[in-house]
Structure formats: C-alpha cells, structure tokens
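Encoded as structure tokens, the following chain is the form predicted alone, with no partner shown.
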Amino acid sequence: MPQYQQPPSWRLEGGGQILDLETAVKDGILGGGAGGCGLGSATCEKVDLKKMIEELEPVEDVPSVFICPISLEPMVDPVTLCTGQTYERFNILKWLSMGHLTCPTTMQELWDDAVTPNRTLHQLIHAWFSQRYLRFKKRSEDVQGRAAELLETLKKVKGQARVQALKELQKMAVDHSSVQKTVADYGGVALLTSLLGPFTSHAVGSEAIGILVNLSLDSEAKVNLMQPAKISLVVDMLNEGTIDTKINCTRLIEMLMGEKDFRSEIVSSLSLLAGLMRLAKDRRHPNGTWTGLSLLKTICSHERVRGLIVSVGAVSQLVELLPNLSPECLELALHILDDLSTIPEGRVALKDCPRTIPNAVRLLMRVSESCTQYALSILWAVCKLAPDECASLAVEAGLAAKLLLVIQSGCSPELKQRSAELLKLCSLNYTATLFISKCKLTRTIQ
C-alpha cells in the first residue's frame, strides 16, 4: 500500500510555495520584518504554541493554511493524510475513530489511514504566532507600566486631572485584560473604591465605576462598596448619568448582589427601582434594556423587595414592553412578572393591566419553552384570582386553543399539567359546545 510522502515544499492556495522559514518571511507569510520570530530561536522553542494561541487576543489575519478545516481553529499539531490535506491531529483522529474512511475536505476515500506530522507547517505556525506573541507581550508590558503610572497619578491629582487619568485607565482596562491584573496588583481596587463617597463628583464617580466593573472584586472590596454613602452615589448616577454610566452602575450593583453578605435593604430603594425601570424602557439602548432587566430579575429573588417593585408601577410597564423585546430580554421580563405574581399586590396589578392577558396569550408557544412556562404561570395567577372576569377574557384572546397546542407539544409534563388545569378553569363559564368552538385553532393561527 503506498505511503504518503511529504513534499519538499509546502504548497499554498494560489500555487505559491514555501521552501523554508526564510522563504516564508520573504514571501510575507510570517509578516516580514527582522526575520524569524524576533525572540531568538532558543526562546521561540521554549514558548508553547498552544499557550501562545490561548493567551493572544483573537487574531483575525491568521493565514488560511494554518487553520484546521474541521475545527476552523489554528493548528497546534498539524498532521497530513495520504490525500495531501492537513488537519489538527486531535480532530482528524476523532474523525477516523468515528468510522469515516474519507478525507473530510475532499471526501476522497483513504487508501491509508496513517497520519504524518507536518513539521514544516508546524514550524511556520509557531514562528508566525511567536512574532505576534512577542508584540503582544511588549504591548502588555507597555500598558501595564502606563497603568501603574496612572494609579500613582490618581493618588496625587484632583479635579479635571483626576478625571482624565481615570478616563485613560478605564479605556486601558476595557481594551487590555492585562491591565486589570495590574490595577489589582498595585492596590488599584482600594484606591478606586476610596474615590467614591458623598462628595464625589459624577464625573469622577462614573469613570471609577467604569473601571471597577471590569475588575474581579474580592469580598473585602464588595463589602466596602456596600457602604450607604457609596450606594447612594451609585443610585444617583444610575438616575442622572449617561447611558454608559447607567449601565455600569447597574452592573456594579449586580456584582455586589453576588456577595454572600449582601442585604436586601441595599436595593430596597424606590429611586433605584424607578431608575432601573427607566433604563429597561429606553428602547434607544438595547444593552441598557437587558442590563436593567437582568438586575431587576436578580432583585426579585429577594421576596421582601417584590412589593416595592410593584409600587413603582413595574408590572404595567413591563407588560407594555413585552411585544417589543428581544427573546433574551423577553425571558427576563416574563421571569420578573412571574416572580411578582407570587405576591397579592403583584397579582392585582397584573389583573388590572388591560394588556396582561392578550400579551401573555400571544407569547404561548411563540419564543421558547421557558417563555411559555412564565406566560402560563402569569395567566394561571390572574385567572385564579378572578376566574369570572379574567378566564373569559383569556378564552376570547385565544387561550383555549393555545393551551391545546401546549398539551399536544413536546413540552415538559409539568407544563402540560398546568395547561390542562388552566383549560379546565377556563371552561367553567361555558357550555361544552360553546367552549369546544372556542378551542378551534383557526382564529389563533390567523
């Protein structure tokens, strides 16, 4: 049986050839420059290829010959089949172990299932990534040094100079993950936290919070940020800041709520809840809608706060939002309404909102099983509260036909059981013949 022999030159798309590393550099495959990887051959070999690829920020200009046709990721251990096609070793061996006897790219039948290490290509990939890894490490060292300088500056300056230093540091923290570690290592978290207080300007506060939400905060930092004066500043900026500031303040509060020592009193603020509802309703900024709803959902997990959420008019506002939300935001909004339906004032607010029943009925079997579950739970709470009034409205909105769809679908047994119970509840005000006519799907489908 013929064995595959690796050709003396590596053939690229378009007919070009790489004879060796030097030719690759001259041809621009390795980006040109000072030849090789710039690290020195000994240093290059010490840097693990997989480690370089993982540490590098996403690289968009990777040569196509370096990409495994199966995973579409850069190859770390390239091997070649008898057809001349090269793959990542793990991926092609998995393909072969599944019983495939063809080349994944060409679909040619394999006359030999042996794989041959493609050392030339491995050297090219290693050298190409080494160049970028060196530049990446140098940039990281440069920005880390600048971040350390800015932290020292923040200890000395005030006013506009402090704002400018914070702006620069925030941009670096967003753009470079290495800066986040530098800020933590140089005591930046404590420094930034100390800048927040009752006399902090919103200009300073918004920039400091913009940095903090990009860091990993430990328990000590979170407890420090839970001080009433600091929370008060965050709530003020949530209501009065720019959209980016509002989003960052919301993210910070959600980070704090993950701390085991968090107390529900911290979010028991009408001003905070009203600000979150304004953020969620702002259709100009979808990111703000998702962020606001996400925090409201987290706050709803604290049963003591649910009454306050209802008191700021959240129920009717969320119900009105439902038809215009993205699937991700819709699931959050329905989850919140479902939580609020567990308290008496929440159920009354849902019943009193004229759009609750038609909007919830419309969402059954429309988006996802989770959305159907929440909508069904909301309808059950409302119809159970006032069956004579609400059950008839729900049936006229097409609920009976939708419930039959749920029962006949592949949804969970619990969901089908709740649908059957609601269907029974809705049928009590109708004769059998009339109710059967309401179950026809024609109107619902239209």
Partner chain sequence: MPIQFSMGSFCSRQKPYNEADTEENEQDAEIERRIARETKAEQHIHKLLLLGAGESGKSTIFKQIKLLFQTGFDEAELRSYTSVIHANVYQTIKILYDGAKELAQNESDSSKYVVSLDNKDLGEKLSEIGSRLDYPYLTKEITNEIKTLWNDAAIQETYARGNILQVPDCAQYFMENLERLSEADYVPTKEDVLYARVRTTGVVEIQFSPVGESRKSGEVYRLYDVGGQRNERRKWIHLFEGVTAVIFCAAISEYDQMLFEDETKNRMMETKELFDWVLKQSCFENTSFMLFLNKFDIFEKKVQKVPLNICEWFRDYQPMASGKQEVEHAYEFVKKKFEELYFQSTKPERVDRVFKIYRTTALDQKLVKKTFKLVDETLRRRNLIEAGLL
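Quick caveat: nothing in here was measured; it's all calculated off a predicted structure. Positions refer to the first chain, counted from 1.
FYI, the form predicted together with its partner chain isn't displayed, but the following is about it.
Which one of P323, G187, P198, P354 is close to its partner chain in the model of the complex, taking close to mean a heavy atom within 4.5 Å?
Looking at P323, G187, P198, P354 one by one, just P198 meets the 4.5 Å heavy-atom criterion.
Exactly one of P228, P327, P286, G258 has a non-hydrogen atom within 4.5 Å of its partner chain in the model of the complex; which residue is it?
It is P228 that has a heavy atom within 4.5 Å of the partner.
Thinking of its partner chain in the model of the complex, which stretch from 355 to 363, 187 to 195, 271 to 279, 292 to 300 has heavy atoms inside 4.5 Å of it?
Contact-bearing stretch, as computed: 271 to 279.
Its partner chain is absent from this chain, but in the model of the complex, do E55, R146 and E168 each have a non-hydrogen atom within 4.5 Å of it?
So, no: the whole triplet misses its partner chain.
If you check in the model of the complex, is P117 within 4.5 Å of its partner chain, heavy atoms only?
Outside the cut-off, so no.
I'd like to know if S368 sits close to its partner chain in the model of the complex, meaning any non-hydrogen atom pair within 4.5 angstroms.
No, S368 stays farther than 4.5 Å from its partner chain in the model of the complex.
Quick one: does D112 come within 4.5 Å of its partner chain in the model of the complex, counting heavy atoms only?
Taking the distances in the model of the complex, the answer for D112 is no, it never comes within 4.5 Å of its partner chain.
Would G210 sit within 4.5 Å of its partner chain in the model of the complex, counting heavy atoms only?
Close contact is absent here: in the model of the complex, G210 is far from its partner chain, nothing within 4.5 Å, heavy atoms only.
Which residues in 230 to 244 have a heavy atom within 4.5 Å of its partner chain in the model of the complex?
Residues within 4.5 Å: S232, D236, E240, G241, T242.
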